[in-house]
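Quick heads-up: it's one chain on its own, the form predicted on its own, in structure tokens.
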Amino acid sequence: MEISLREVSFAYKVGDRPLPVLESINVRVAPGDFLAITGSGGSGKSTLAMLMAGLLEPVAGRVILDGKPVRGRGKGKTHSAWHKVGMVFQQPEQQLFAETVADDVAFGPGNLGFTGSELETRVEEALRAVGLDPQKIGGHSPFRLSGGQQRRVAIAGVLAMDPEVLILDEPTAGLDPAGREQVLGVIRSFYRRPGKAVVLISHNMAEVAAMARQVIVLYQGRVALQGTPREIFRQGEALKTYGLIPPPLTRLMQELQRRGAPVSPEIFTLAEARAAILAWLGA
């Protein structure tokens, strides 16, 4: 599954007037891609995610799935390929509604027409994919789980539909460190599957640096920067202009370099930082 946005613009209507949110956006996501979209508050990140998921339609430009221009979900003749694109909203646990975990996870694939043993298999596989035992937790109320577990159940509901592209809008917002790592582990596991792609909407620069292969920085509805994490985070002053700061490890290495240490400022992982500091101290 490939999603392309070509010269896409979007505006909300406030009364009789349009409120521009995005302008002339070009984005492409193909199998094997891990794209992070970041930016300060109000830059248009969530709106872009919903355009990529077919939940909104652009006011200008085109959305293309596998080479074919399409309309949004539920608009006219819905393109069947939209079911290959799954989206996890901010704080998705707030959308849990069923009496049991299994019923909640079954809702999406049930709407796609799956029934009986095939539906049960999808529910069980999705729960295992997020690290939950379907036998132990399937019959429980989702509202009695921890915050991290609830979010994993909500993500399982999307995975049960077997998407090829997974779009996540601030998936770790509001979670404690343990819950955050659980959710990030689920995303990593999904991405390692052949033919899958991930679009991560996040303002957490450490998550973006550690997970993404490509990064887009939005500013006032436009693409301000685009490149690999190393290409983006070496532009510290530009990031500040756009209301962002590099990840903590990058800032540490940049400060050490300013103080005369022979270390690279383009470091994003603890292993890289440890090796660089030990090499400096050893020297």
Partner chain sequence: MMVELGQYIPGTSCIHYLDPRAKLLGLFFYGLALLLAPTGITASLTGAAILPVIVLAGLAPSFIWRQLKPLLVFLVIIFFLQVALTPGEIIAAIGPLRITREGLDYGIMALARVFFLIVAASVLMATTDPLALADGLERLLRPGQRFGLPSVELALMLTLALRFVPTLLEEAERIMRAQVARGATFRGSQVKNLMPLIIPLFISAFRRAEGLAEAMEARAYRGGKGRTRMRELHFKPADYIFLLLAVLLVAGTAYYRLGFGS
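Numbering follows the first chain given and starts at 1. Computed from a predicted model, the values in this text were never measured in an experiment.
Another form exists, predicted together with the partner chain; not displayed. Remarks below refer to it.
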_Per-stretch contact check against the partner chain in the model of the complex, the hit in 212 to 220, 29 to 37, 50 to 58, 225 to 233 (non-hydrogen atom, 4.5 angstroms)_ = 50 to 58
*So which of 115, 146, 90, 121 gets a non-hydrogen atom within 4.5 Å of the partner chain in the model of the complex?*
90
_Contact assignment for the partner chain in the model of the complex, among 136, 128, 73, 188, heavy atom within 4.5 Å_ = 73
*Is the gap between residue 259 and the partner chain in the model of the complex 4.5 Å or less for some heavy atom pair?*
no
_Exercise: residue 169 in contact with the partner chain in the model of the complex, heavy atom 4.5 Å_ = no
_in the model of the complex, is there a heavy atom of the partner chain that lies within 4.5 Å of any heavy atom of residue 81, even though the partner is absent here?_
no
*Please run the contact check for residue 161 against the partner chain in the model of the complex: heavy atoms, 4.5 angstroms, yes or no?*
yes
